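Consider the single chain below, provided in structure tokens and representing the form predicted alone.
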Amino acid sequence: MEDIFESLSSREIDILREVGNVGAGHAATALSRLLNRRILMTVPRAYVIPLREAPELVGGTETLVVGVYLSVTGDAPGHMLFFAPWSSAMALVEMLMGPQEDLTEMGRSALEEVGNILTSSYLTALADFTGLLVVPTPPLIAVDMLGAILSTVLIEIGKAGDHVLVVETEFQDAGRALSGYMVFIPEGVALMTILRALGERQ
């Protein structure tokens, strides 16, 4: 899998980013209905990095984040992790529930639902683009330092390739811009299966 990731062309990354854009559009529609007001979402960037470099996206392994993890089964099995810095996560909770002093159990449930909407929307877009069957498992939420969450994910998924696809996601609401990161870790030949379904590989 590592070799496939390292050989991705700029066109292939652009196509995967477009999948992320469509998924963000689906998620924005779902969140707008949930909140009864307009939420905009964009995908500023998509890129491939070694998994060990993911903490640098938010300032290092000790950065407090909220993470939502799930497995993907079906034609292209793998794992997905959505994480956002604590400040962005709390701002998302406030979008859903109003001002909050701390993350309550209801707030955790709200973030879990947002993570579920985001990952499901991305997978729906991927299925629409490729015609593949991709089925998410129920999401799990964690509030911890990103390094600890990534260690737990690595234990959960066992042996995995070094590189991952990161889809940066930006939420816009009432003039605020909040960032989160979707990390896709395909198993085995899943990435090649996706690229072939997209017509990019033989």
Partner chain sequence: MIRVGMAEGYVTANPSSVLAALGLGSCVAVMLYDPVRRVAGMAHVMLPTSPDGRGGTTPYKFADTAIPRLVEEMVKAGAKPSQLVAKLAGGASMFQTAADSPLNIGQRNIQAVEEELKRLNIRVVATRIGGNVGRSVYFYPATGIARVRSIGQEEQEF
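In this text the structure is predicted, and so the values were computed from the model without any measurement. Numbering follows the first chain given and starts at 1.
Omitted here: the form predicted together with the partner chain. The next part is about that form.
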**OP:** Could you work out which of 166, 149, 134, 28 is the residue within 4.5 angstroms of the partner chain in the predicted bound form, going by heavy atoms?
**Re:** 149
Subject >> Option touching the partner chain, based on a heavy atom within 4.5 Å in the predicted bound form, out of 49, 57, 39, 140 >> reply: 140
Original post:
All three of 61, 69 and 153 touching the partner chain in the predicted bound form at 4.5 Å, heavy atom to heavy atom?
Top reply: yes
Original post:
Looking in the predicted bound form, any heavy atom of residue 173 within 4.5 Å of the partner chain?
Top reply: no
Original post:
Do residue 34 and the partner chain come within 4.5 Å of each other in the predicted bound form, heavy atoms counted?
Top reply: no
**OP:** Sequence order please: the residues of 88-118 with a heavy atom within 4.5 Å of the partner chain in the predicted bound form.
**Re:** 108
